[in-house]
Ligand code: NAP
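First, one chain by itself: the form predicted on its own, in structure tokens.
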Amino acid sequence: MNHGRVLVVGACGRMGEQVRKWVGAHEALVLGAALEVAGHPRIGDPLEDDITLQGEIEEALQSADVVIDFTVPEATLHNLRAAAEAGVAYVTGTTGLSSEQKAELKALSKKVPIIHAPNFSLSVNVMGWLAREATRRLGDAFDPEIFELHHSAKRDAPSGTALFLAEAVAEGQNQNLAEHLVLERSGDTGPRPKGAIGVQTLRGGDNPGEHTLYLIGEGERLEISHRSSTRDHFARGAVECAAWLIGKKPGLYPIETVYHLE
């Protein structure tokens, strides 16, 4: 059996270590290469499976069939450009991309297969499906509000998962999220605008992620929540997506396709 070779970007970070663990546990994958930013103190160190930590993406790609990347937008786009030139598939959970960066990612998917998702947990993606369907069925008599809490080191706010849930709500309401998204409230805000989709952000401690969608009606409300205690399910999901993506034609594949949630 030929095993797919995975390049883990940010291999010594919190997510990178989890991804390496789950690659090692996957029956169809092996760790092909590991990458950290140039100048990282562990460059050249041996990791598992006789893999040496590298600092140059072009060299690391020579031992890869697919990349898994949970880093920052600038690094992700830099590495993705190199992967597209090398013809290597790409899985990324990087959040906080600008509209221009998302457009470039989509353009690069014409060269290689890509999965870009804000969250790789199966249960979170099921939550997105539930959010869309619940909103559609309850109608505009229920006001949607989203709460999210993450660790103090998280760079982007609101989280990519919160925006993913907000987009699911907007789809359920058959409206444009950009026209209805409310990210802050302060002072005399007046009555809640019709169709508003509120997202509130908290940061602190080491919380891997917590999200709740409130659908608030008259005299009742529905709550759909997901709480993470580890990063395992994020990493495991990304590894499953990587195994699925190897050999696919170029294109930007939604994670819903992998999880049969179309």
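Residue numbers here begin at 1 and follow the sequence given. Given the structure is predicted, the values throughout are model-derived calculations rather than measurements.
The form predicted in complex with the named molecule is left out here; the points below concern that form.
Taking the named molecule in the predicted complex as the reference, which of 163, 84, 75, 134 has a non-hydrogen atom within 4.5 Å?
Filtering the options by heavy-atom distance leaves 75.
Considering 71, 101, 173, 109, which brings a non-hydrogen atom within 4.5 Å of the named molecule in the predicted complex?
Only one listed residue qualifies here, and that residue is 71.
Give a yes or no on whether each residue among 22, 51 and 240 has a heavy atom within 4.5 Å of the named molecule in the predicted complex.
No, none of 22, 51 and 240 comes within 4.5 Å of the named molecule in the predicted complex.
Report whether the minimum heavy atom distance between residue 93 and the named molecule in the predicted complex is within 4.5 Å.
Looking in the predicted complex, residue contacts with the named molecule include residue 93, since a heavy atom lies within 4.5 Å.
Check residue 248 for me: does it contact the named molecule in the predicted complex (non-hydrogen atoms, 4.5 angstroms)?
Residue-level check for residue 248: no, no contact with the named molecule.
Close approach of residue 252 to the named molecule in the predicted complex, 4.5 Å, heavy atom:
No.
With heavy atoms only and a cut-off of 4.5 Å, decide whether residue 156 touches the named molecule in the predicted complex.
Yes - in the predicted complex, heavy atoms of residue 156 and the named molecule come within 4.5 Å of each other.
Hey, of 191-199, 60-68, 29-37, 218-226, which bit sits against the named molecule in the predicted complex at 4.5 Å between non-hydrogen atoms?
Going through the listed ranges, the match is 29-37.
Taking heavy atoms and a 4.5 Å limit, what residues of 103-132 are near the named molecule in the predicted complex?
Residues within 4.5 Å: 117, 118, 119, 120.
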